[in-house]
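For reference, the chain that follows is the form predicted alone, supplied as structure tokens.
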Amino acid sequence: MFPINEPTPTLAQLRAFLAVADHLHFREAAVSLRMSQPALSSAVSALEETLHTQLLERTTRKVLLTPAGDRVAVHAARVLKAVGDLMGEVAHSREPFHGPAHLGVIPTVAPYVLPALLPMFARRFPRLKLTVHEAKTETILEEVREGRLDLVLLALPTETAGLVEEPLYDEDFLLAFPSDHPLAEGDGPLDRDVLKGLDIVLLNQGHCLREQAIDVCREVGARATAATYATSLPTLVQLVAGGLGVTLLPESAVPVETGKRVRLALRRFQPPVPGRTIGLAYRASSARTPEYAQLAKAVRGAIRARRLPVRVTS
């Protein structure tokens, strides 16, 4: 290892020496590099001086590698290849929609929206190596802030400094209850005050949908039941269908969760209708912010084309 204050070989010196090592002829090596023979000879001499080692045996008729030159040629080839790989990798990374992209998604969105998004990503951005991480809001927000995720799909606003938020769609909450519940006898929109007299079952701590439902209940003076919680939306639907209470169900989940022959009925609310906004968020400091803005536009198009029961933002 060279001391810190010692000069080190330059790439130009290594490139000149390797050309001579390949051709064993100064003139041919100079032609291959499109440089003058004196400049080539000077670069090789400078490398020998830097390494304090003779690399070439020069005669009037030919050039030979010394034993040290043989070993240096191997290392020089490895170094130049590594630098070439580095330059190529950086060049590829500058291309839009190329390389890895780590997406975080909350559990109350992933099963209902990803089937519309993943085929679109594969079709429109084939060079983008997308990975998906499903976790609760707090977890994916921490991971996008720390750089472990590139962008996150979740409920907005996040109220997190340093993030750009791209609204994708708005959706209503529907009241879900057992199919034999007295509310099943009607079909018109309900006033939110109806929640005051109902046992409301929620997701457990950490789900933003839980906090949104609690906010709706708080606005009308209703309380959620403390006895029963669910860890996922499918489980929550099963608890409601089993008669343990009612819940607020995002409309995007309805086609999936009510298509399993569950004994569930749904009613809409009168205006102002409770709901949520779902969007993409990513670091404002990211070098790929222009790409992510275009991805948000593509996501809106995919959701619109899939005709999910939501209102896509413009």
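Numbers for residues come from their place in the sequence shown, where the first is 1. We call the rigid core the largest set of C-alpha positions that still match within 1.5 Å between the two forms. Model, not experiment: these values are computed from the prediction.
The form predicted in complex with another copy of the chain is left out here; the points below concern that form.
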Although another copy of the chain is absent from this view, report whether G301 comes within 4.5 Å of it in the model of the complex, heavy atoms only.
no
Using the partner position in the model of the complex, report whether G186 sits within 4.5 Å of another copy of the chain, counting heavy atoms only.
no
Even though another copy of the chain is not shown here, does L51 get within 4.5 Å of it in the model of the complex, heavy atoms only?
yes
At 4.5 Å between heavy atoms, is P100 in contact with another copy of the chain in the model of the complex?
yes
Interface stretch in the model of the complex with another copy of the chain - options 66-74, 37-45, 250-258, 271-279, non-hydrogen atom within 4.5 Å
66-74
Which of these residues, V164, L130, V79, L114, gets a heavy atom within 4.5 Å of another copy of the chain in the model of the complex?
V79
Heavy atom within 4.5 Å of another copy of the chain in the model of the complex: which residues of 282-300 meet that condition, in order?
R283, S285, S286, A287, R288
Would P271 count as moving between the shown form and the other one, using a Cα shift of 2 angstroms or more after superposing the core as the test?
no
Under a superposition restricted to the rigid core, does A287 display a Cα displacement of 2 angstroms or more between the shown form and the other one?
no
How about A296 - superposed on the rigid core, does its CA move between the shown form and the other one by 2 Å or more?
no
